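The chain that follows stands alone, in the form predicted alone, written as structure tokens.
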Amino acid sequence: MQVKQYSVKVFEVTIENEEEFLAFARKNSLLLKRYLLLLKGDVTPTIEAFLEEEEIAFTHNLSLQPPNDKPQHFTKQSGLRIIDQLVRSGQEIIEKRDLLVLKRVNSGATVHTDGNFIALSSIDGHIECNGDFMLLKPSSKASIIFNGVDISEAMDEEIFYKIRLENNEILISKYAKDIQWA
């Protein structure tokens, strides 16, 4: 017997309307190919055929959470915390409000905020943001989680990205080649 362990990135999607799902899947097919889709709801033969044709891995009606597992709810605080120091490897910052990091986040460092996140220097560490937007400059070493979704591989250049949540959709855009601070 041979056993292997894998870490799998999963998108859970509840399908209520075939056309709405297919429009979403067409628009995001490049991103979805990097994930396993866990489909809930009515998975029609048309949807299955589309996913197979696009080579998007999927499964349906599978539970990944124990039945008694209650989702965590966070209460956001207002205000802004500013960190004007290097975030070193092994250091962990946990914040409920908006966070502005002025200096580098090193590999091995972890920053978690339930508010919005802005970093003005390079990110090599692990960032988790549950806010409405992020502005950051990740490196290839960075691990970026936005509202529970690992978006690390969706950003491939060391430039600033603006990531925002709009109508339950994550939008990632290149912000600028470089930001000049006065």
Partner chain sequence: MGIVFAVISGKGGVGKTTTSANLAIGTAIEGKKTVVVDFDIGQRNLDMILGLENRVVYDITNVMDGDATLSQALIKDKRQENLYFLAASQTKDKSVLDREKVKKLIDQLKEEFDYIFLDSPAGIEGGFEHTILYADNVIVVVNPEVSSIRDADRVIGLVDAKSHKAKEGERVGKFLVITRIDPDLIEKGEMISTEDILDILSINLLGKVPEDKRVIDASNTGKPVILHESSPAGEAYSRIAKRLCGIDVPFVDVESPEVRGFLQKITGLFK
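Residue numbers count along the first chain shown, from 1. Worth saying up front: this structure is predicted, and the values here are computed from it rather than measured.
The form predicted together with its partner chain exists for this protein as well; it is not shown, and the discussion that follows is about that form.
Although the partner is absent here, Thr110 is not a contact residue: none of its heavy atoms lies within 4.5 angstroms of its partner chain in the predicted bound form. Heavy atoms of Ile93 never reach within 4.5 Å of its partner chain in the predicted bound form, leaving it off the interface. With a 4.5 Å cutoff on heavy atoms, Ile83 does not count as touching its partner chain in the predicted bound form; it lies far away.
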